[in-house]
Structure formats: structure tokens, C-alpha cells
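Encoded as C-alpha cells, the following chain is the form predicted on its own, with no partner shown.
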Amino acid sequence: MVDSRRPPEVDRAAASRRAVAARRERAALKRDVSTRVISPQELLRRALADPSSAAGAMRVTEFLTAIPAIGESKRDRILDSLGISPVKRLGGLGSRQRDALRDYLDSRWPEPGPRAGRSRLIVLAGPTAVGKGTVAAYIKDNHPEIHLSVSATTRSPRPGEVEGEHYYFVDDTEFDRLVSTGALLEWATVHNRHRYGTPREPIERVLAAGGTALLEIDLQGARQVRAAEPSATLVFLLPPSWDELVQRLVGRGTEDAEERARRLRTARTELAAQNEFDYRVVNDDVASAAAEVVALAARRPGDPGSR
């Protein structure tokens, strides 16, 4: 006789698979916090934005012990001082508990806010394979009021790339000339192989006319722009998780195994620099990430930001 109180075998199997997937996602999030791929505040933001997500379902005890330098004893003291029960999940925190936990995190691991006097020169950077080019291309296609800078590079074109639209493809001699004449706002050697640079004149022309210019560049280039133009608005594009970044790089299929390993080592270093930027945007959806960057560009210089 079939027990009608028990769920069908297929439903129980599906529920078990969902539970395993949720545990893996929570484990990945904790690993990303512990290795500083994302900040504790970013994980808390995700949990509060969607309490039903893996971040929202994470117990506050798991969350705190994922942060480097917090062990179980310190965790318990923190929870006691904040008045938060250890059985609470991040997505289920009350408003007072949310504020208390957020204030505690900000006091120990402050996230830098946007600097005053920022201009309409927007610099979009981030680790390899995070999707900088895809987000920038979406902005170009959907927001023609924003000028997307075209970089010069010494590397060969990839399939589908068009001269003057995606890059200006130049040889080493021409690149040397651009550097020596000061024609580049920034330039860098990326992955120890090819050089990339941003022509200065088109950017200056757009800004002089009151427009917005968007630079999609690597971390080295972003630092050079910050030194040359301190008023530039710096935006760091983050992956949803380290595992997702790895999957994107592998799925791209444009590098061999040795090159992928080298780029992932570089990505670890690049992620550690995210606090040098005015804003951090998570690229879990291209359209949403692009909209957030556009909103930052539309903000008047000097306005406060959310992150």
C-alpha cells in the first residue's frame, strides 16, 4: 500500500538535488568571502535583496566564520554583542539586526566610497573574463549618448573583431610612436604579452562637449587613468562568484589551458584591487550590470554613491 503522506520518489529526488545545489552555492559564497573575491558587505547585500537565494539562506554563523580572522569564539561574541540569534539566516534578519551587522562590518572592513569631484570620464575595469567587453558593448548598443572609447592594441584581431570598431590594431612600431608623442591617456602590457592603450584626443573632445566617455580597460590602465585624470570615476566589475568567473573563461574557448591558468592567477590579483575603485558592480546579468553603470554615469559629479 502506498503511503499518501510521503512525497513521490521523483519529488524527493528532485528536492535532494536542489538541497545539494544550494549547499554547494552557499559553500562557494563562503569561499569567495574568505578569499576576498567579494566583500562581506556584498554578500550581505545579496542576502537582503533576495532572502530566498543561497546568500539569504545562509546562517549568520556560517557568514561570520567565512570572514578571515573570525573563529567560532569571536563569532559568538559578535552575535551576542549585536543581539542576533545564532540560528538566524541572513535573509531573515530584522531591520535593527541588519543595521547592526552592517555597521559592524563597515567599522572593521570599510568599503571605500566614491571620491568627490568626479568627472564624466567613466573607467570600467575588472578581472579577466568578468565580461567587461560584453557590458561595454551592451552600453554602446543601447545608450548611444555614452561614447565608448576604442583602444589601440598590438595583439591580433579575434574572430569577428573589426578594425576601428572593437580596437585599432597596430604594430609595435606604431604603438611606440603613440606612447612617445603622448597620444595615449594610458597604456599597459597585459598578461605579459600584448600592449593596449587609450587614444587621448577622442576622450578629451567628448568631455569638452559635456558628454560622457566610457573606458573599458584592464586594472593597470585604470590605475594610469587615475594618476593622469584624478577626477575619473572608477567602476570595478565583479563576477557573481569565483566559480562563475572560471566557467566564463573556460566557456569562452579563446585560450589554451596554460593561458587560462595564467589568466586566473592574474584575476586573483586583480580582484584584490577592487577597493581602489569608487564603485563595484556585480555582473550577474549583462543588462542589469550595464544599467547600473549607466546610472552611475548619469549621476552628477560629486553625488554620493551606494557602494
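For every residue, the number given is its place in the sequence shown, counted from 1. It should be emphasised that the depicted structure is a prediction, and the values quoted were computed from it without experimental measurement.
One more form of this protein, predicted in complex with a small molecule, exists but is not displayed; see below.
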Residue within 4.5 Å of the small molecule in the predicted bound form by heavy atom, from Q97, T154, T212, S151, is S151
In the predicted bound form, the residue from L234, I84, V190, V170 with a non-hydrogen atom within 4.5 Å of the small molecule is V190
Of the candidate stretches 88-96, 213-221, 68-76, 108-116, the one with residues having heavy atoms within 4.5 Å of the small molecule in the predicted bound form is 213-221
Original post:
Closest heavy atom of G131 to the small molecule in the predicted bound form, within 4.5 Å or not?
Top reply: no
Does R177 make contact with the small molecule in the predicted bound form, using a 4.5 Å heavy atom cut-off? no
| request: Considering only heavy atoms, tell me if Y196 and the small molecule come within 4.5 Å of each other in the predicted bound form. | output: yes
Look up in the predicted bound form whether E229 has a non-hydrogen atom within 4.5 angstroms of the small molecule, and give yes or no.
no
